[in-house]
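Presented as structure tokens, the chain that follows is alone, the form predicted alone.
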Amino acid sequence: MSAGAPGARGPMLAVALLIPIFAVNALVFFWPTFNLFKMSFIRGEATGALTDETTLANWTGLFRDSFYSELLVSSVTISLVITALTLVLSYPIALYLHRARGLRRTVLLVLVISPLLTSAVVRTYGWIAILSDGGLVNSLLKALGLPAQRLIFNTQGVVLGLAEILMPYMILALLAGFGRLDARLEEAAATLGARPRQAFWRVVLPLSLPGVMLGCLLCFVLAVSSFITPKLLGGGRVFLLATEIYDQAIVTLNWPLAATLSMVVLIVFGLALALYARAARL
């Protein structure tokens, strides 16, 4: 019995170590989520007061009102565009950073991480100054004799701003995926006659796909749930799920509808995680 005691204590020790994280998740995630779920079935009055009446009107209203279906499609589409743009901009930087060595790698890694030390609000106001009608971008266009562009308070501004804000997350995820990439494999491909472009498409990219999928999942989830940047760069003209939740909860005081839209966002997250898990098994 004494010999088997340590083995028996192993599972019990694992359960004991997992109890704190389960307790924290239950307190700060599952319980608030459950309350939001319950609130989505409550009828709210025009004054913002909550009643004791249970109703399905909040959910059926989402399907009957074309505004909310268009809002969902627009939010998912814009988030996918932001994710794709972030991936295209971040992949070369991450690959170069992966291949860098010594002091150069350290300096580049600090430059990549440093934007995370600045508030997204400050960075968004910076983009407002850059993309405004008299900002840096339009000033350069005018200096080159090109027509000025409207790059703020529209979808283009939101896409550009969020892509830059999410790039550090994408780069870090890609670096994690590049851990499977061995330089000797590229050398072997070159030895067998593969050109650099062929080696990239057949060796580098397939081996980095886990990092690509992780980065895309992370950036998509952050883009769908982003509020500050779409609110400021969109100027109230770009309607997304997060901004609509804020308006319903704070402006119109329709908490049940805000809770319903929050559950829709969680459903989108769940579908994204399911697609990621399925793609990771392939």
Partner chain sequence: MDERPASPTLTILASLAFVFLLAPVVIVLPLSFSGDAFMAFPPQSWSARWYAAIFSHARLIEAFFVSLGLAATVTALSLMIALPATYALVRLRPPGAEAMFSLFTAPLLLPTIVLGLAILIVFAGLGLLGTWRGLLLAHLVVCTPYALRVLATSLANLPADVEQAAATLGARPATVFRRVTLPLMLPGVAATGALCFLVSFDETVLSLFMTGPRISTLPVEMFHHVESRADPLVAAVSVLLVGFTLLVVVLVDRSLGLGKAFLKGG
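In this text, all values refer to a predicted model and were calculated from it rather than measured experimentally. Take the two forms, superpose them, and find the largest set of C-alpha atoms that agree within 1.5 Å; that set is the rigid core. Numbering follows the first chain given and starts at 1.
As for the form predicted together with its partner chain, it is not shown, yet the points below apply to it.
**Student:** I need to confirm a contact call. Of T77, T106, Q149, S119, which residue comes within 4.5 Å of its partner chain in the model of the complex, counting heavy atoms only?
**Tutor:** Going through each option in turn, the one that passes is S119.
**Student:** Ok, I130, A176, L141, L71: which has a heavy atom sitting within 4.5 Å of its partner chain in the model of the complex?
**Tutor:** Exactly one residue meets the criterion: I130.
**Student:** Check whether F239 has any heavy atom within 4.5 Å of a heavy atom of its partner chain in the model of the complex, and answer yes or no.
**Tutor:** No - in the model of the complex, heavy atoms of F239 and its partner chain never come within 4.5 Å of each other.
**Student:** Tell me, yes or no, whether F63 is in contact with its partner chain in the model of the complex, where a contact means a heavy atom of each within 4.5 Å.
**Tutor:** The answer is no: F63 has no heavy atom within 4.5 Å of its partner chain.
**Student:** Closest heavy atom of L217 to its partner chain in the model of the complex, within 4.5 Å or not?
**Tutor:** Output for L217 is no: heavy atoms all beyond 4.5 Å of its partner chain.
**Student:** Test of understanding: in the model of the complex, would R43 fall inside 4.5 Å of its partner chain by heavy atoms?
**Tutor:** So R43 does not count as contacting its partner chain.
**Student:** For its partner chain, considered in the model of the complex: do all three of R99, I228 and L266 come within 4.5 Å of it, counting heavy atoms only?
**Tutor:** The answer is yes; R99, I228 and L266 each reach its partner chain.
**Student:** Suppose contact means any heavy atom within 4.5 Å; which members of 226 to 265 contact its partner chain in the model of the complex?
**Tutor:** If the 4.5 Å heavy-atom criterion is applied to its partner chain in the model of the complex, 226 to 265 yields F227, I228, K231, L232, A242, I245, Y246, A249, I250, W255, A258, A259, S262, V265.
**Student:** Examine L271 after superposing the rigid core and state whether its CA is displaced by 2 Å or more between this form and the one not shown.
**Tutor:** Stays below the 2 Å threshold, so no.
**Student:** Once everything's superposed on the core, is P32 shifted 2 Å or more at the Cα between this form and the one not shown?
**Tutor:** P32: C-alpha displaced by 2 Å or more between this form and the one not shown.
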